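For reference, the chain that follows is the form predicted alone, supplied as structure tokens.
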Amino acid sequence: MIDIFLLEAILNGILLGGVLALLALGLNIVFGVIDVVWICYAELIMFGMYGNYVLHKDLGWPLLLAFAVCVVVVAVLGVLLHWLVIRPVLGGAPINQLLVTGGVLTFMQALATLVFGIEFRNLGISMPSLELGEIFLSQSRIWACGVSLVAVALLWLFLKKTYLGTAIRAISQDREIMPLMGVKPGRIYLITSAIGGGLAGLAACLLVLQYDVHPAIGLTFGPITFMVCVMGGLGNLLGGFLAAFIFAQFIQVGGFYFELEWGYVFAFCFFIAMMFWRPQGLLGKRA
């Protein structure tokens, strides 16, 4: 029979995988359509977490209202990021695109440090654990995983069932021929950036219930999100979804047998091995 604590670790891995899938989804859709990696993606999440803190903790707004506003604001921030930073270098070398988004990363971290200082801040909301026999699961992580899966399903329906979704999928497959079919790439890029930003804002709302926010919080989520995307096949939404759950299981089950830090080590080692075996990712296409 399976050890009850191992089962708890597996279930926590599933819950963590749902959150990682949401993080990877926003970055993947932006790369798949615009072909630009937002190195500063985790800093958009940090911005959303601070926004939730200010609106709910400092201004006393209802939590759900603060969540809704932050999702919209970060979506607008994603549009501004594309319009002001990405659009001028779209035709340039990939290294230029990485450098400008890296510059935005540094700028947002420095700005957060100047405005909020280096103190760790939290909403002060404590949600009790869900007890299933001898298994204890975090309710905040359960809610985060559930909302993440709903968001993934809604995005899939949007991409499959709507005209805009079809245009987004089409332009991600062939950027050169779609303008000849009447699709305006610039408009699609802005819509995609808004979706990517909105997903970052949603992730911020879910993560602020579980983690303290500070200027370097992006360093916690950024590398893991990028590795999940690469392991699944950068730009491949389904691959990123599957990779998120695989990565999360290595973290949680490895942490069960050893220490949590070792769980991350095992996950990183698996990622490196995957890059040797399938450098294009789980579901990525060979070059």
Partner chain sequence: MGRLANLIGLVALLAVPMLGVSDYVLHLGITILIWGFVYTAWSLMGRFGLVSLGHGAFLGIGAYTVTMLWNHAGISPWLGIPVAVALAVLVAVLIGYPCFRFRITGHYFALVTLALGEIVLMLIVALRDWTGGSLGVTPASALSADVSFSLVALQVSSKGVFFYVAVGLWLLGLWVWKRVDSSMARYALEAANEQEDAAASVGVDVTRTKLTITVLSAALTALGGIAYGQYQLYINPETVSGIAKSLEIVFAVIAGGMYVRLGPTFGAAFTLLLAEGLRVAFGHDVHGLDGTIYGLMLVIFIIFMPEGILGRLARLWETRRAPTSPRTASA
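Computed from a prediction, not measured in an experiment: that's the story for all the values here. Positions refer to the first chain, counted from 1.
Keep in mind that the form predicted in complex with the partner chain is missing from the display, and what follows is about it.
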property	result
Interface stretch in the predicted complex with the partner chain - options 237-245, 44-52, 216-224, 59-67, non-hydrogen atom within 4.5 Å	216-224
4.5 Å heavy atom contact, V89 and the partner chain in the predicted complex	yes
Contact test in the predicted complex: C269 vs the partner chain, heavy atoms, 4.5 Å	yes
4.5 Å heavy atom contact, W262 and the partner chain in the predicted complex	yes
Interface membership of I14, the partner chain in the predicted complex, 4.5 Å heavy atom rule	no
Listed residue (V71, I142, L209, V100) with a non-hydrogen atom within 4.5 angstroms of the partner chain in the predicted complex	V100
One residue of A110, L80, I135, I125 in contact with the partner chain, assessed in the predicted complex (non-hydrogen atom, 4.5 angstroms)	A110
The partner chain in the predicted complex - contacting residues of 79-106, heavy atom within 4.5 Å	L84, V85, P88, V89, P94, I95, N96, L98, L99, V100, G102, G103, V104, L105, T106
